[in-house]
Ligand code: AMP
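Take a look at this one chain, the form predicted alone, written out in structure tokens.
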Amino acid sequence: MIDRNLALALVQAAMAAPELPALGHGARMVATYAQLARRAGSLAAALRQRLRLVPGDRVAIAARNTPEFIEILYGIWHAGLAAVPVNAKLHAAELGYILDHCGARAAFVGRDIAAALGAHAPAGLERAIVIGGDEYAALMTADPAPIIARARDDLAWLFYTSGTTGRPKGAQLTHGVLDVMSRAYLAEVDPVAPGDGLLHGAPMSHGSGLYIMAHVANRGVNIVPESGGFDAPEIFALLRGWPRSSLFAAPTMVNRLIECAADFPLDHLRTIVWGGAPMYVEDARRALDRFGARLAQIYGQGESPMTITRLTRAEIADREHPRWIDRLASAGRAFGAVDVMVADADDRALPADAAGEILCRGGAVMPGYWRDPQASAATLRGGWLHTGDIGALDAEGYLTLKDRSKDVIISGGSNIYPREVEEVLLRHQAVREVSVIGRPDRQWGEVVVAYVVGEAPASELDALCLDAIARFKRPKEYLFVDALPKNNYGKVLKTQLRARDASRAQTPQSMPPARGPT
């Protein structure tokens, strides 16, 4: 078996450049490559010997951004296990479902999450280890173990994403898939040299964390803000001390960086890679004015992580090109590692500029969903990943996103699935019907709005959501109506509802703008 364990890159980096900085926390360097590799090897030994985990077992990570995330991730892989990074903003009940669904035997959790998990922890979870606690420190005392060989098709990262049913699905990202993704990033988005930094302002459980591997492979520095999240002044302060640094950011974050008055050495910024949602053209132009030719865009999904299409720094900065605005409005062209097609309902390729579903295939695409053969077969039918997104390819291969066939709402770079919210709201006895839509919002991309048939107080609906789902998923406005628009079969017509909402928002009688996600 050819060993494709992603942890080999850390071992090799430690051998080639043991004293090179590998991990930063705020302005401080907290680990060299030799130190990081040793800690990952010690954790791997403890996971195998003390917790009795065996290759293929799943180990979850649920915490805000923290330097320990990286040593845990590589320790899991070093031991031949599979990592399940989980969004730290999820409700404890949602976290419990994921832990149960993936069959995690152990989980590394932040202190606040450990306290909330409580009764929601599934029976199969044998250990919940608090990151930075006494048990965590004890695990790091083990003598480093040899790395466990893994094949390209072995599971490395179980990436939980939701479907139209509202229940999260686990996209299986293998060692091979993540290797292809990392190589694509280095070759086509953002080359990394030894000592180059990656600032983790976005969640490491998702987009930002998926770029860890490329930086380790090329001996870059992974830098975690002390706040554990995104704060524009803090990002600029970090850029003063970490030259040649990049960051992955949702458009909401990019806009906050644009608006932040803080100063920093512009030559210390390597690249801002945006993704997770489309960027308004005007905002992209403002970002280019603020940061210069240091912007790149990617379009991907959890099922093809970060790797469907890309718009390069050169393309974004080429103001003299006759189709510059069209390109800036697009999601770019296909990565070299994948094929991209826009297809009709029968999966037949459509001509240039015709809108249809975006399909993708190649080495960066997952082999399927965890323990969900029906969803896997439907999503990967014919050998193509069916994204559920609607777009059009022009004659030059640039993909423009038109709409989503799924009703997913993307707010601040996070996916929110309306049915999940609707099911919670329908628990209230005074709610007869409800439909949740996304309202376009310049700052957040979209905000969640609920149209309700019934007499339930908005405060009670808010409390219901806060008790069952993550805060960022709750509606930011509740609008009470006598009826919802429906077709002859009784299906709610969300297209009409969005149009009604857009028209309402333009009238002087409309309510104040919705609050942003918190």
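Residue numbers here begin at 1 and follow the sequence given. Quantities reported herein were computed from a predicted structural model and do not represent experimental measurements.
What comes next is about the form predicted in complex with adenosine monophosphate, which is not displayed.
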*316 to 324, 433 to 441, 226 to 234, 293 to 301: which one contacts adenosine monophosphate in the model of the complex at 4.5 Å, heavy atom to heavy atom?*
293 to 301
*Is L401 close enough to touch adenosine monophosphate in the model of the complex, meaning at least one heavy atom pair within 4.5 Å?*
yes
*Report whether the minimum heavy atom distance between N415 and adenosine monophosphate in the model of the complex is within 4.5 Å.*
yes
_Any non-hydrogen atom of G276 within 4.5 angstroms of adenosine monophosphate in the model of the complex_ = yes
*asked:* How about R219 - does it come within 4.5 Å of adenosine monophosphate in the model of the complex, if we only consider non-hydrogen atoms?
replied: no
*Could you work out which of T312, S376, S245, T161 is the residue within 4.5 angstroms of adenosine monophosphate in the model of the complex, going by heavy atoms?*
T161
*Scan A92, I148, A142, I410 and let me know which has any heavy atom within 4.5 Å of adenosine monophosphate in the model of the complex.*
I410
*Can you name the residues of 205 to 235 that have a heavy atom within 4.5 Å of adenosine monophosphate in the model of the complex?*
H206
